[in-house]
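The chain below stands alone, shown as structure tokens; this is the form predicted alone.
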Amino acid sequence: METELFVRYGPALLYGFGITILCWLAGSIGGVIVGFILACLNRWGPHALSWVIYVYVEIIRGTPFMIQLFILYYGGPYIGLVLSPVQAGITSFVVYGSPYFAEIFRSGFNAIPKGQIEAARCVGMPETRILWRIILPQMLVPITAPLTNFFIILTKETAILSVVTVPELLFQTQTMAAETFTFVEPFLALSLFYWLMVLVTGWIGAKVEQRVTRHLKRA
């Protein structure tokens, strides 16, 4: 493919890459926050609420992301929820990711020995202090790798957002390919962008894992 075509479409591809990063970061961070809240409510909330969370988690995990995106974007206006494509993309990432993050946090909670929590309660520590001083520092060790893996999965799920006209990277690449009648080179460049995203995400995850496990290496 001629270099000048990449120069011509370069700004659009960079814009699409920026939208991809925006949807991924905002949706992932929102999913982590909502997932952590769900995990805490499931552990310390009333039993009836745990059943509601269980149903939500199973429904979202049991349905494809594309269907959830379609329902949110095209079905939302029927209940007064009108979202732009980018807003729908970010919101759908929060909805889709939060149950998975909730399960990761739940497994982290369960990895903490019950004796430590009971000992903290015996000396009068409140539940919030137990969470921040005992549970969270230790649960980071077993959940860092699963969190990194799911962040990587979400980077590639951003490609699905193009079906609701989110102007992300795949959407811009498809436009470029349709206008130039070239398909191999644009999609090879697209693969390179995604590979770099995965590479950087994995590198950050490895650094975080080294940080939270350094005490184990010293031991």
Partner chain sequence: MNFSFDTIWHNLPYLLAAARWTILISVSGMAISLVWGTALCATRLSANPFLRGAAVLYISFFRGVPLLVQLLLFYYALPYVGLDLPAVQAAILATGLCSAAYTAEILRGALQSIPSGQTEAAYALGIPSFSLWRRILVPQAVRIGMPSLVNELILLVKVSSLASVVGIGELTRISQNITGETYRPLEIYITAAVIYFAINWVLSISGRLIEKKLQIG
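These numbers were taken from a predicted model, which means no experiment stands behind them. Residue numbers count along the first chain shown, from 1.
Absent from the display: the form predicted together with its partner chain. The rest refers to it.
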item: The unique member of 165, 180, 191, 50 whose heavy atoms fall within 4.5 Å of its partner chain in the predicted complex; value: 191
item: Contact assignment for its partner chain in the predicted complex, among 159, 39, 32, 26, heavy atom within 4.5 Å; value: 159
item: Contact flag, residue 82 vs its partner chain in the predicted complex, heavy atom cut 4.5 Å; value: no
item: 4.5 angstroms heavy atom contact with its partner chain in the predicted complex for residue 43; value: no
item: Contact of residue 145 with its partner chain in the predicted complex (heavy atom, 4.5 Å); value: no
item: 4.5 Å heavy atom contact, residue 195 to its partner chain in the predicted complex; value: yes
item: Within 32 to 62, the residues that have a heavy atom no more than 4.5 Å from its partner chain in the predicted complex; value: 58, 59, 61, 62
